[in-house]
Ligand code: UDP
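Before any questions on how it binds or moves, here is one chain, the form predicted on its own, in structure tokens.
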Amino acid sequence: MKYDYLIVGAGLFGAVFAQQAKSDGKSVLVIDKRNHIAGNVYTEDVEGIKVHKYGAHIFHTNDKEVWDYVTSFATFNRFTNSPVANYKGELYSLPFNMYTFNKMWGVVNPEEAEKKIEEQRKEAGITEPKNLEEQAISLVGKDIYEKLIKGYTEKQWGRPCTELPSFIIKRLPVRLTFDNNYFNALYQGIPVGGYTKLVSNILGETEVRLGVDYLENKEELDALADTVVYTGAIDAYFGYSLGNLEYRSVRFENELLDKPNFQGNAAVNYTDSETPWTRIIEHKWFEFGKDEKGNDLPKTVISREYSSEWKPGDEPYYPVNDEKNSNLYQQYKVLAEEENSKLSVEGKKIIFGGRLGEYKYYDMDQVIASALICYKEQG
């Protein structure tokens, strides 16, 4: 059978593109080299707990079109992301807010907090931040940077803060209120039943083949469709011919504990440099410690996260969007354009999409929006 679209990757981008094409009457085949759908948002059931196998994912968006789209495939709970920072046993609220400033400096009102931050900003003498360290100090002062940002960020990225671009920290929420909601988003929550169920509902009746490695069977698979939607790493597609794009990877240590509560919160970040993990996720609290029937869960699952430099064979998580890698990605984009020029002679086409295909740090809602726009542009 010949398909209109061969979609490589059953994650969010691939599933949404497939759903749009199917609803438009197109024939679609989705393949994935893993043995499950949902890509990195995959959740698996462990003792009734929906475990986020590839790291915690909290859906949040200000895009009503995207929210209406996802809620047509799943009911979302009211989970609000309110992580806690642990610095050598001292606990602080994240995002940085009045609770954080009170614990750090003893200040009790916004004016006092603002004054303290301004004092430390002036002491540092930073006018135009040139790197992440300078940007962070100019946002929240030196004390908070030293205790709650520096160690965590350097573990996460594997580089000194002075070598990281300032834009990474610009999205960090800083509030002179007692609001503990990490995201400034109108819509937020976790799909009831987990992300795997959400992606399964989006895919619907679409044909999916798992355990299929596209790059190992490229010629045979390309013959199945006129248009390939590729959501894998763009440098891998071209055999790393221009060199490897860099990513950060994450390693997880999971434990099933015979107790109902380990840390009392879904996410606790360990911000000192001595603790080897970046954070501990306790998955049951994404769904308020209950199963789908509303029963309290007697056990708990925790995941310690360790950030690491990516190497071929690892799962790539975060693109390292510094100048060197951005320039290399632009060169791969040129190769992609040349590839499409060759394919067009045969009436074929390749589309690169998603976090890996576009080498872009996307949140989930941005991936969905990108897939919706990408399909519309095909029409």
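If you're wondering where the values come from, they're calculated on a predicted model, not measured in any experiment. The first residue of the sequence shown is number 1, and the count goes up from there.
Although it is not shown, the form predicted together with the ligand is what the next lines describe.
S.K.: Is T153 one of the residues lying within 4.5 Å of the ligand in the predicted complex, judged by heavy atom distances?
M.R.: Flag for T153 set to yes.
S.K.: Hey, in the predicted complex, does L221 get a heavy atom within 4.5 angstroms of the ligand?
M.R.: No, L221 sits far enough from the ligand in the predicted complex that none of its heavy atoms falls within 4.5 Å.
S.K.: Answer with yes or no whether L148 is in contact with the ligand in the predicted complex, where contact means some heavy atom within 4.5 Å.
M.R.: Yes.
S.K.: For I168, is any heavy atom within 4.5 Å of the ligand in the predicted complex, or not?
M.R.: Yes, contact at 4.5 Å.
S.K.: Just to confirm the contact call: exactly one of 271 to 279, 209 to 217, 195 to 203, 114 to 122 touches the ligand in the predicted complex at a 4.5 Å heavy atom cutoff, so which is it?
M.R.: Every other range fails; the passing one is 271 to 279.
S.K.: Go through Y247, W285, F73, W157 and name the one with a heavy atom inside 4.5 Å of the ligand in the predicted complex.
M.R.: Contact residue from the list: W157.
S.K.: Which listed residue (I302, A267, V107, L94) meets the criterion of a heavy atom within 4.5 Å of the ligand in the predicted complex?
M.R.: Only one option qualifies, and that one is L94.
S.K.: In the predicted complex, does each of Y182, Y318 and Y361 have a heavy atom within 4.5 Å of the ligand?
M.R.: Spot residues vs the ligand: full contact, yes.
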